[in-house]
Each structure stands twice: as C-alpha cells, then as structure tokens.
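One chain comes next, on its own, written out as structure tokens in the form predicted on its own.
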Amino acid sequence: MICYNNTNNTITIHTKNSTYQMKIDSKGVLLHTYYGPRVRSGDFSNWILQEDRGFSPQPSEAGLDRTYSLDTQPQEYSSSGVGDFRIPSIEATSLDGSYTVDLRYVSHSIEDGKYTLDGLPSFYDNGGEWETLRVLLKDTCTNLTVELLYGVFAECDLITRAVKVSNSGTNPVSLERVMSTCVDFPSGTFHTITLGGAYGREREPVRMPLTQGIHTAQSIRGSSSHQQNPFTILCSPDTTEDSGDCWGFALVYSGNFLAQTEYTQFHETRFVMGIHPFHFSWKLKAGETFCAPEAAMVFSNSGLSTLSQRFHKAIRLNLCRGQWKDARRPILINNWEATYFAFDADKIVSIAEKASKVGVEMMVMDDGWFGERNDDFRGLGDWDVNEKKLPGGLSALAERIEALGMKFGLWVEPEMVNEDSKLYRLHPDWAFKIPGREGTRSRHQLVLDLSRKEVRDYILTNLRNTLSSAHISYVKWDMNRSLTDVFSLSLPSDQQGEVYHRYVLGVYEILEALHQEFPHILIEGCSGGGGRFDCGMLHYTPQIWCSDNTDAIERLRIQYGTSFCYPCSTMGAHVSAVPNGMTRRCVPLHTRGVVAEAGTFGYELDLNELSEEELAEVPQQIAHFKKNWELVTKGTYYRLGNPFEEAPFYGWMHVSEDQTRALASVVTGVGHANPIRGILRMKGLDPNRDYKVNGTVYGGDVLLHVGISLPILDEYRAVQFEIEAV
C-alpha cells in the first residue's frame, strides 16, 4: 500500500511486514525517513537533527541557516557536488565540464500494477498484486530529470527500485554514475553480509561489522562474477538465522556492479547499489532517456531465514518466467566430466542407453559438437555441426536419444570466439580489441562485441538454426571468460564508456528472443559455473549452473551461500564422478545424491563406470527426488547450521507451506577420533502437531526444541528424515 499525506508531505510504502517512507522537505529535497518494521502512519523524520555541523555547507535555499546541510540530510536519491560528501547516487558531466547534479522534487504518482523496463529484466506483476510509485526529481540547471520507480509487492515484503534519467535540456550530458537504489539509515551499528569467493568457491558469505568508511562489493569483469555477487545484507549485530533485523538488496543485473555501504562521520549509514562507474559513461543527448537496472529490497525483523525465504518466493514466482519456472526440471545427464572433448555420436548414445535404464530423462551433449572443436583452442563461433563426430547432424543424434525415451539437450557458448575459427577469420573486428594493442586471451578465446547489431543478429540466427534443426529440449548457455579490451569499432570515442552496458543489453536481447520463440526449451545459465548467478539472468534462465566445482562437500558451502538470496529451484546441481576432478575427494554416491537433490538434480558422469551396487542406487535417488521435488522447489527452505564452521554435521530442511510435510537432510563433517554426537533441531514445523519421522512419532515441539540425536557416522555421510504430520 502506497500512501501520500499532503499535510506533512510524506510518501509511505507499507508491505505486509515493513514500512518505507520518504518526505518532501521545505526546500524540495526528497528525504529518506524510514525503512524497517511495519509501523502505523505518521511522519518519521523526527530523528533528523538540524544543527550546525562544521565543514557541512549549506545550499542556497538555506540562506543564513547554518543548521541545514545536504551533508546531514538523509536523502532518497543522493546528489553530487553540492555539499553532500557521502556516496553520490548520480554523477554527470555537463557541456561546460561541470559534474554537479542537484535534484529537487517535482511530482509523484501512484498506480496499480508493476512498472516495466524496456530491454532490462525485472520482477513482474503476476496478476494485480503490485503497486507502482513514480517520483520525479529535476536538476534545474542541467535540465536532467530523474524518475524514481518503486514497485511494491506487499505479500513478499518486496520493494523494487529503478531509475530513469532523461535529458530535457538542449545540450548533451554524459552520465558517469547512475545508482539504482540509495537508502540512508540513522544508525551505523550494522554488520554487512556479502557473497565473495572465487571460481569453484562461489558465493561464500562474508560477515563484517561496519567501521567508519566505505565497504564495497563489486565486479568490473563484465559479468556479476565468481568473486562477488550483486547481493548484500545489512543486519543488526545480534541478527541470527531466526531473530533480528536485516535488510537484503539484490541487483537485477548481470554486468559490472557496485554495492557500497558507508558508515559516516555521524555514525549513520548509506547504502547504494547499481551499475559500476568503472569505464562507464553514457552520452545522453537532448530528449534521450537512460534506464538503470532494477534493485530489489526485502526487510525482515525475524532473522536471515525469513529474509531469504521472502527473496526465494518472489524470485521463483515473480522473476523467473515461462513454463519451467515452477515445474519439475527433467533429470539429466551431462557428458562433460565423462568425456570432455573426446566423444562421438556412439559414445553419447552409450551414455544415454545406460542412463535411460535407470530413469534419467534427458541426455545433454556438452562442448565439442561443432566446428573443429576438438579442444578449447579452436572452433568457437562456428556453430555448424561437426559431422565427423555426429554423422547426420543433431537431428540424427536427437532421434537416437529420443528412441531411448529421453529428451535431448546441448551446450552453447555464443558470446565467445576462437581466433582459430571461420568466424574470426571472416570478421576479426567483431571481437573486442583495442586498436593498436595486442589482445588479451582467456581460455584461448576472445569476446564478441554484442553491442553491435550485426553480431547479435549472427548469434541469434545461428541459435535459431541450431534449435530448429532437431528436437532440442534444453540449452546450457555458457560464458567462460571475463571481459577485457572492451572497445567497439561501431561507436565513436565519446561513447566507448557505453560498451560494457550495451554488451549486457545485447545478451538480454538475444535471450529474450529465444524465450519468446522457443518457450518449450529450458535454458540453464552458466559462466564457468557460477560466474553469472544473478537476478538478471534468472529472468531469462530459470536455473543456473551453481559451480563447476561438483565436489559434494564443496557444494554444501556453495549452495549454502547461494541460498541467502536464490531459491533451490534455480541451483543447477549434479551428482558427479569421484575422485572429484577439482578436489580429488571421494564422497559416497548417496551423499552426492542428497546434496544434488537440494537443487535441480542430475548427473555429470559416465554411468558405465559405476559399480553394480552404485548403479542400483541411481534409480532410488531418482525416485526419491521425484517424490520430493515439489517440496524442494516450492517448500520453505531452512539452513540448519553453517558448513563453514567446524561441526559434527551440516543440514537443511524443506517444509511444505501447510507444515504437513518436510524433508531434513544432514551431511556429516570431517571425521575425528572419539566423535561428538550431533543433535538435530528442526525448523519450520508446527509445535502443536505430531509428526512421523522415518516411522517414529514425535511432537513438533520436541523436534523444534529437543531435537533428534544423530547416529555416529563416518565422515561425509548423509542421512535424510522424511517428516509427515499425523
């Protein structure tokens, strides 16, 4: 619910459990006055103290009043160059070379439904659930107008924000910084939680207390990256999984991002998030508009679990789209870790034959099926089938796979090109390269310039031809390097700062076309695993390969960190071979299955190499996943412990919305002599109900507060508890 009070000039947003407020002050500055637990109506600006602060200057409207300074006002969208020395939300260069942007309130409107953003992913209205607030600000000197957009999804306590900047003047302006959200808090006693890591160690939660200065999470790699994720939590120091105040911020964007938290001189806090200003400059001509990506905000006063659960529901139902967003995904097997590049049609079919007998539903052919792609030195960009490997092309292979009762899918990496390819020899200028400089390779490949229409058309034409050439049900869309040498020959020198963003828009344009033209195809996002796991990609690909690291024990950590924002239904997770290719660790097949079952579930190995005992276990794993997929996908998710801490076990739970069914999963940690017995205390159950747990009846209150004593098991063993109300 969005309310405007014309007496005190406040605009208040109420969700089910939170309230957010802004106020138009007497000088036309749009102040931020509150974001926290839901409260009744009123003016919440009483915490703003107007007093003379040394070295905090006054705007002209203040006259001789030294108690009013933009440096001390909590702003809804912070200015730059006019006395607020905290993080600015916007920066722009005018024709005269000045950088100042000073915004004042013009008007606002409230409407039913959710705003949309052309060319950019965003949360969407699923049928009359949303409201939109539009607030117009203006810099009267440059004639820049800034439209602040707010989408309100009350049921999920979700508020989305986006920004449109228009040049209503006559001279061009260069935007150097446009943040998507800015929130000022009256306190600095926060912890920040960001998701750091590296390739193969994605989304490791990092919790730190705020100290004076600026704390940053960012990527300048051209994608959201393995190293940082466009998601940040601010929380009270005493916040736990089950109690305390916390605010989550997720950027719906897949390129360079910046999230900054500033603990100020007055022990207040400012948080901003948006496109990274690194090598960003957008030339805005007279009459043109720039749209910044969307940011999503969720508040919880009952701990981190509730915050995550609200994100999970909103992402699953109001960000992911299409027939696959809420459906059970086919149980697939991928040949990559079984064969790498060394395969032909008969080898693929032999893997599929074995898989079909144990209940696997889809065969996915990974890298190496096109051009001269027998290694990663050559062939990228040439999307013609290698008929030496696949006689008769994709259609012939797909028919053989379908004859086994399975669906067929394949891997693509359309954003990249090898220098040893027909495409590069024909169009070397289509790859990013700065004139006069030697190029930078990564994985022996270059990046295609998706800011150019002819490049996007080439990619889309080839994908259309490929996907129409056979009965293809699934595509794994990969991106195996970061962006360097970012320069487009199609743009003038004063627009090179637009290339990073135009590249991301190009990716979205192609994916949107595929979404519209091939709605039956399930597209899984991937960037060397989890290098582009973000809300932007989830708008087009309802699942993303969580990591190239498929070691089940490592995946416990990766999936744990991912769960702080992203639902289990989005996590691509497979049972892979042992010893694991990255860690050389050997983990029991049962444990590998339990961990993969917490995601989309599939296999990444050659079933022909399993023992008879292991092979007999595979159909049991598949049957168990099918039985519980709806609970895993649509149930409420709880973290039971922290796999980054030394403990006897780590666990998690999925609980049905009506609390009648649950599945608790536990994996033991590193083995020790004379081990400590673990006690599993469950979450999310009704304390006033009785539950049957693996055949034994317990009270819900007992399971929540007393718990179940776990058996002493060898390290890396898994046990699951099927829970049903009686």
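Just so we're clear, the structure is a prediction, and the values are computed from it rather than from any experiment. Residues carry their position along the shown sequence, with the first being 1.
There is another form of the same protein, the form predicted in complex with alpha-D-galactopyranose; it is not shown, and what comes next is about it.
- With the partner omitted from this view, the residue of 592, 501, 270, 476 that lies near alpha-D-galactopyranose in the predicted complex is 476 [heavy atom within 4.5 Å].
- Checked against alpha-D-galactopyranose in the predicted complex, the candidates 443, 328, 357, 279 yield a single residue with a heavy atom inside 4.5 Å, and that residue is 443.
- Between 524-532, 612-620, 252-260, 182-190, the stretch whose residues reach within 4.5 angstroms of alpha-D-galactopyranose in the predicted complex through a non-hydrogen atom is 524-532.
- Mapping the unseen interface onto this chain, residue 560 falls outside it, with no heavy atom inside 4.5 Å of alpha-D-galactopyranose in the predicted complex.
- By the criterion of a heavy atom within 4.5 Å, residue 545 is counted among the residues contacting alpha-D-galactopyranose in the predicted complex.
- alpha-D-galactopyranose is not shown here, but in the predicted complex it comes within 4.5 Å of a heavy atom of residue 366.
- By the criterion of a heavy atom within 4.5 Å, residue 411 is counted among the residues contacting alpha-D-galactopyranose in the predicted complex.
- Residues from 311-337 that approach alpha-D-galactopyranose in the predicted complex with a non-hydrogen atom within 4.5 Å are limited to 336.
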